[in-house]
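In the form predicted alone, a lone chain appears below as structure tokens.
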Amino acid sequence: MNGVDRSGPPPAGPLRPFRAPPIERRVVAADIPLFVVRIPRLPVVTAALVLRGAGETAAAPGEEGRASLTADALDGGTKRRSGTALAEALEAVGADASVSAGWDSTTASVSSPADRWGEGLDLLAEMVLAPGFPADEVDRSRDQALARVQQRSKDPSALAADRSAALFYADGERYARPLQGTDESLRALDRGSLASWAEARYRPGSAGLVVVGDVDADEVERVAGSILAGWEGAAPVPPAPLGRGRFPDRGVHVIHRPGSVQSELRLGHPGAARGIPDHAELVVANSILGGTFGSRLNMNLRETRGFTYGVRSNFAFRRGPGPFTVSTAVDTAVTAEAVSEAVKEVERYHRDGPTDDEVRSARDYIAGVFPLRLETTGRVAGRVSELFVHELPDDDWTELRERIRGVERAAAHTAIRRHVHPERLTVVVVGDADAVSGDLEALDLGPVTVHDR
């Protein structure tokens, strides 16, 4: 026995100081902004080529999923190599490459051993600047995308996410549609569609390059400039979506799944853009409402009432107002009670705001885990890419943790009142309408509309 009291958890220690490594800015071929973050302790280098003109918001109506499918098909080969040869070349230098398209950009990234990062970047550039789009590989990528769409239509959680987006946002809003496309839109995309998208959108005029790891900025500037020399043109960055809501008042929508034993719940509305000035305050405020295990929503619906294994609230920060969503899954029998408690919790929080203790605890938690979220070169590259996509100042990267630590109760309450609107919540229930609609109507939360799947 060493005399340590093990009857309760140990007290939390003081927060350790943390300073994010600085960003060195340069410009390489075709005026491409270069962001270099030197982290000498890591033997891996991650390079990310960020294309701001190639996000899904740039895809026209009827072309849903064009950005995602084009990104998926890039590993099918280049004008010089087949897909197999490309994979072998990446393997030969120990590099791992990936390409993904989001709402605001397409990002192609590669992680390589520190002594071979230039070779990894060269292969990544070949994928983006000279894609081959072999017909059989495009067909394979499209078939996989169609299978994912079919799978999402049968997965209650994915179905709730897709249908809630369509119900939160007005017709014509980009965020109302599924990021990955629809069965109809994907079937209309062919090799020519993908090649023309890459030709028009994969251009340096709206691109940026992020390199993170044990590298020297001067060397990165020289090597990247040589690799990207001759890349020309510009792709316009589409305006940020307005994020108009579909409904002015609260209402309930039931997506009918006969025989469901559980209901997937989504409550929300268009939320806030990443570039809002009170981002730090809103992050702290949302953490208290539903961002952590000890949040108000989770304590009420899980710990007190036993309705669910977990419930969360989230702001999807994008260039335009991404959705604010409360999400959970509950037994069919307690669907209406769970919806009622979630709405009451949001209303109570909106009216009264957080306590000083809640704000202090949330600040310490977010500031404490902040360094843990920057443990890899890939995560650091992702955070720096975010600065470029959202046109944020460099000190947003270095000062965010301190701004989080400076959030006070009144500022957190103001942020939640500004960005959360209980009177406009759209409630989406994916479940058995025959079993839940009557109880939902009795809640008097607005009209209850039943939709076929």
Partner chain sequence: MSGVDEGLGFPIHRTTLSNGLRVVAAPDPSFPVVAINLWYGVGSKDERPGRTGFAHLFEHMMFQGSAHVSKNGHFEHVERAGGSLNGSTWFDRTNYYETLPAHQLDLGLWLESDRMGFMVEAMTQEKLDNQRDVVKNEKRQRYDNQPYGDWDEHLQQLMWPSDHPYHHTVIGSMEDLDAASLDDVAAFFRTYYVPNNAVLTVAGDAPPEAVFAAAERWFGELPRGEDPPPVPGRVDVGAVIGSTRRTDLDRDVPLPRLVVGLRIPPFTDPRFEAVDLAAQILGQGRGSRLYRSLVREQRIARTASAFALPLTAGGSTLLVFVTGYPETDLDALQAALFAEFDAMAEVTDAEVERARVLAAAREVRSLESMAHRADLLSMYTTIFDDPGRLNTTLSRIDAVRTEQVRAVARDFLGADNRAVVAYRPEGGAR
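Between two forms, the rigid core is the largest collection of C-alphas that superpose within 1.5 Å. Everything quoted here is computed from the prediction, not taken from an experiment. Numbering follows the first chain given and starts at 1.
Omitted here: the form predicted together with the partner chain. The next part is about that form.
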Does the trio 351, 393 and 442 actually contact the partner chain in the predicted complex, every residue with a heavy atom within 4.5 Å? no
Can you check whether residue 154 is within 4.5 Å of the partner chain in the predicted complex, heavy atom basis? yes
In the predicted complex, does residue 438 have a heavy atom within 4.5 Å of the partner chain? no
Answer with yes or no whether residue 92 is in contact with the partner chain in the predicted complex, where contact means some heavy atom within 4.5 Å. yes
Under a 4.5 Å heavy atom criterion, is residue 278 part of the interface with the partner chain in the predicted complex? no
Going by heavy atoms within 4.5 Å, which of 416-424, 39-47, 22-30, 60-68 lines up against the partner chain in the predicted complex? 39-47
Out of 75, 126, 341, 216, which one falls within 4.5 Å of the partner chain in the predicted complex, going by heavy atoms? 75
Which of 233, 371, 225, 102 has a heavy atom within 4.5 Å of the partner chain in the predicted complex? 371
In the predicted complex, which residues of 305-332 put a heavy atom within 4.5 Å of the partner chain? 305, 306, 307, 308, 309, 329, 330, 331
Could you tell me whether the Cα atom of residue 443 shifts by at least 2 Å between this form and the one not shown after core superposition? no
CA of residue 19, rigid core aligned, shift of 2 Å or more between this form and the one not shown: no
